[in-house]
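One chain is shown next in structure tokens, namely the form predicted on its own.
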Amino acid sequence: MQKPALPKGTRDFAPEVMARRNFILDHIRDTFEKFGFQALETPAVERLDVLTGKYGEEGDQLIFKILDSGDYLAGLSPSDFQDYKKLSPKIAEKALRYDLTVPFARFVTMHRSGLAFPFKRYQIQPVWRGDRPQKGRYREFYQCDADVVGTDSLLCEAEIILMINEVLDKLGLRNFTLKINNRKILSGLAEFVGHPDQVGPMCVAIDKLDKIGPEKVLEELAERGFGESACEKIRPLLALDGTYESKMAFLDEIFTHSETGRQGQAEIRQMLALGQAYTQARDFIQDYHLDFDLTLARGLTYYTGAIFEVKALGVSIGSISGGGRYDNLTGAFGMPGVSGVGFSFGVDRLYDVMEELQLFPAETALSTQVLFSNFGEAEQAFSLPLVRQFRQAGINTEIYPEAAKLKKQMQYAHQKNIPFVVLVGETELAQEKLMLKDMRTGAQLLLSAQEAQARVRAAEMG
């Protein structure tokens, strides 16, 4: 007999877990729609050539490839097996999506004639990565993306800051940092250290700062061709601290000959000014949990402007949200010059953070609000139209599907954490009333159907 097991990095979600996940997803979805975003879905399977080359060398290695059907090894020579990069496209034409942004860019390119630009979409679907499974990092996980394409207005970046804060506030997660930076600033830093053509490798290395520390970052930069002089210039950047104003002043000094770096600074300043205009906050940076972090790199190669990353404080989980501006992602599909910006929530990491901090409301796990008992044919016949009436009143209601002893039915209600049970016996039939039992207090009241509904709704409202 085969022992049931799951692939590493994947999970089942029991009903109580799904209730909590839906609590998160509902708040994210409501916020996205509040800001004018429309829902979109794309297939789980994409063409391999659509995905490769968009995530950098390390990202491409994590793409889950799907072997071609049939004799996929037919026609291959021994030399084909020497290089997996050349082998992969010959035996796998399809892959599971790595993220939602590249499929979105593919969608926009294919459907551009029917879209109204700027096009604002949100997407909540699973993605897959061949990563090493660990706490907070899975091979299958959900992302919640919101993107705008067809405009380079920094209003979009300002609204991303507002959306992130609104979602996390609704979820009760208020101890977090929203790190911001701009890839143009990182390009300016690459110019400053004498490697203007190696922005990508520099960002990949710096992006690992929190995981491996500054010395290992410098070692990796040296391995990538950064000389001793360049590494010594980068070293103080890895430990730079201070206020937003002091960091901007530092950049003013080193960007005297970098137009790109100064443009990145200007975009950060304008984004924050727009956020201030939106909110009229006393201190926008402090009130909206912002941290201008010059080492924030976000390793994905398609970012070209503002970049974001959210980290919950006081927990063991890493980032829970991130994103940025990408000026030409659709160009890879033959639609150049379309600027976009977006961000994504990692639902699985959000869940782990909220569970660790015990932020889920107790009522989140509730699904059924009322259970009608079932003691026989007469009682069932009396209850069925009332069950429908309760449901029409917006109350989640079920009836025990077969006649059974009271103990068994009450045990069922207890296991499902159902707060109310309607008992219908001979007395209730005779009086055409319902005995409403509050499972939390044990109190029982003989009520009409309308009175019972009112009691349930009142309890739900607290």
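Think of the rigid core as the biggest set of C-alphas that the two forms share within 1.5 Å after superposition. Just count from 1 along the sequence shown to find any residue number. Source: prediction; values computed, not measured.
As for the form predicted in complex with the RNA, it is not shown, yet the points below apply to it.
Site residues K179, F255 and R457 are none of them in contact with the RNA in the predicted complex, judged by any heavy atom within 4.5 Å.
Exactly one listed residue, out of R129, H195, R106, K120, brings a non-hydrogen atom to within 4.5 Å of the RNA in the predicted complex: R129. Site annotation in the predicted complex: the residue of K170, K311, R137, R112 reaching within 4.5 Å of the RNA with a heavy atom is R137. Heavy atoms within 4.5 Å of the RNA in the predicted complex map, among the stretches 432-440, 33-41, 389-397, 46-54, onto 432-440 alone. For the chain shown alone, L423 is a contact residue for the RNA in the predicted complex, at least one non-hydrogen atom being within 4.5 angstroms. Interface residue remark: Q263 is not counted as part of the site for the RNA in the predicted complex, having no heavy atom within 4.5 Å. For Q415, a non-hydrogen atom is located within 4.5 Å of the RNA in the predicted complex, even though that partner is not displayed. Taking the partner from elsewhere, K211 is found to have a heavy atom lying within 4.5 Å of the RNA in the predicted complex. Shown without its partner, the chain has K405 as the single residue in segment 391-405 with a non-hydrogen atom within 4.5 angstroms of the RNA in the predicted complex.
With the core held fixed, the Cα of R282 is displaced between this form and the one not shown by less than 2 Å. Core-superposed comparison between this form and the one not shown: the Cα of Q38 travels less than 2 Å.
In the core-superposed comparison between this form and the one not shown, the C-alpha atom of Q415 has shifted by less than 2 angstroms.
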